[in-house]
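One chain comes next, on its own, written as structure tokens: the form predicted alone.
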Amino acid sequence: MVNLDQSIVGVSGEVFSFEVEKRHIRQFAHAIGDRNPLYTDQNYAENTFYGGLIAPPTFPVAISSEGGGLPLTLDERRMLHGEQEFIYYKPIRPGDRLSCQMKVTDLYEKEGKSGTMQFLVIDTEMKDEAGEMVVISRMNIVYRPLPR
């Protein structure tokens, strides 16, 4: 039985802060095996379009895991990570102090082989100290029916 309903759209988690440090960016780039000097070499990065170090495009995943979960009770046995998307307004840089908040932005259904599946869209909005959007990390969770 699928039991999520539209009332969860708009549910938000607590706001949490994340201060981006050079070491966070360096460790993340190393962990994903990306040797692009734009993430680790200050001299190189200063002579690019960006004018300084930036974080890899998938870095918001690390920020999202730092806190501010949603006040929802979901059955983890039914959850699959479906998609991940990053909507950038500006690059993430060392020294950024980001204000972050998770929000349920959509819930829709599709028929699958084992029945109706629900898709839960969760955005983590990340804003700078001026309140301007830096990036939205959008996760799509497949909420499967339990086996009968």
Partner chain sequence: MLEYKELKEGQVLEPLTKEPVTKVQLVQYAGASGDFNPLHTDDEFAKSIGMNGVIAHGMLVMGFLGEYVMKLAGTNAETTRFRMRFGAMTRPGDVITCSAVVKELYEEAGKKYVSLSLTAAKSSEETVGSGQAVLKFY
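Residue numbers count along the first chain shown, from 1. The structure presented is a predicted model; accordingly, all values stated were derived computationally and were not measured.
Although it is not shown, the form predicted in complex with the partner chain is what the next lines describe.
Residue in contact with the partner chain in the predicted bound form (any heavy atom within 4.5 Å), chosen from D41, E109, D106, D34: D34. Think of it this way: in the predicted bound form, the partner chain has a heavy atom of just one of G69, G82, G115, G51 within 4.5 Å, and the residue is G82.
A residue is said to contact a partner when one of its heavy atoms sits within 4.5 Å of a partner heavy atom; P94 fails this definition for the partner chain in the predicted bound form, lying far away. For A62, a non-hydrogen atom is located within 4.5 Å of the partner chain in the predicted bound form, even though that partner is not displayed. Residue contact check for H24: one or more of its heavy atoms lie within 4.5 Å of the partner chain in the predicted bound form. Shown alone here, Q101 lies farther than 4.5 Å from the partner chain in the predicted bound form, counting heavy atoms only.
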